[in-house]
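In structure tokens, one chain follows: the form predicted alone.
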């Protein structure tokens, strides 16, 4: 009887452990958070029409036309080395490349679909070239992969009204997903799997949880975003419960809410559209830098999207803007990389980061020469200066820290001030301004 009891107990324990989600290595998450700034790339045959990737299928671009664009896709000016050099010069530390969007076209040499880059006139594995370039420049290599696939016969739904597939088989489609992502892990050694397309009804929480565990079984060190499962709350990107799988949250086209307890990453476009669009409106340098600083000041990473052109080049104006960001970060990057958000929560005119006994204030605007903010908890400010610049006059009252910031010492994009404290800045609780 005792033997039978222990057998059941062991079975129960085994089932319980197997049902648990495999958690990300905290050190890998910390390293990812310390990077702060990465490049997102949306690219594919749709650039031949200058329309949005995936979403334009059957709408701005007729489905039959869209699905056959790969037969014309020949980006002869693609140069992985130039792309990754652009990324590095921008001060970015990692890449997430769109391997397959909702349209189902695979941008790598996959064995599990003929609808891929090797069957285009270009016939080159751009993904392997990007992976090798990332290795060369010391850039963390990551891949975007859509869970939904509106063109696949076994995926039940389409984004075109009345074109759903009654003979689809979701279990067979799930096997297809497992096969393709296994390639991304084992052949391309992707360090990040950035999922999307999980919101549609065929993808269930059970699929998401099992998929996450399957992928962690292939490589426990791969980082997986929360869109692998059903826990994301809209474009705010937060995960609504610990029941759902995912290593980090994914706010989209917005700076995420202040959160220094849970890892998150805002994905935002440098222009309006994810994929390339002729004459698309591009963000100013002020907007780019301040978006980055508000994101890291809130505790997150910024995944900044670029859409290369049909011939394989990135637009020169986007390269120039990214280079300008990199030049700013060469001077002030100490206040960005390897920091934690806060303690002052970001507003439209100020953001802050911290590390060790230092707080970095980023001022976007100031009405006069006097900055007044709440005291940094119980810490005492020993010195105050412009980062890589002159010391500033300051005083601490019972309630406020008052800093003199003359016009001639300000940076036109973001004036960066260093507060040297008498204690660890990490112990200061978040402060509302």
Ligand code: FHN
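Numbering follows the first chain given and starts at 1. None of these values were measured; they are calculated from a predicted model.
The same protein also exists as the form predicted in complex with this ligand; that form is not shown, yet it is the one meant from here on.
- Although the partner is absent here, residue 144 is a contact residue: one of its heavy atoms lies within 4.5 angstroms of this ligand in the model of the complex.
- At a distance threshold of 4.5 angstroms between non-hydrogen atoms, residue 92 is out of contact with this ligand in the model of the complex.
- This ligand is not drawn, but in the model of the complex it has no heavy atom within 4.5 Å of residue 362.
- Although the partner is absent here, residue 102 is a contact residue: one of its heavy atoms lies within 4.5 angstroms of this ligand in the model of the complex.
- The single contact residue among 40, 37, 43, 70, judged by any heavy atom lying within 4.5 Å of this ligand in the model of the complex, is 40.
- In summary, among the residues 194, 83, 155, 276, the only one with a non-hydrogen atom within 4.5 Å of this ligand in the model of the complex is 194.
- Site residues 289, 328 and 409 are none of them in contact with this ligand in the model of the complex, judged by any heavy atom within 4.5 Å.
- The stretch that touches this ligand in the model of the complex, counting heavy atoms within 4.5 Å, is 227 to 235, out of 114 to 122, 71 to 79, 335 to 343, 227 to 235.
- Heavy atoms closer than or equal to 4.5 Å to this ligand in the model of the complex belong, across 53 to 81, to the residues 53, 55, ordered by sequence position.
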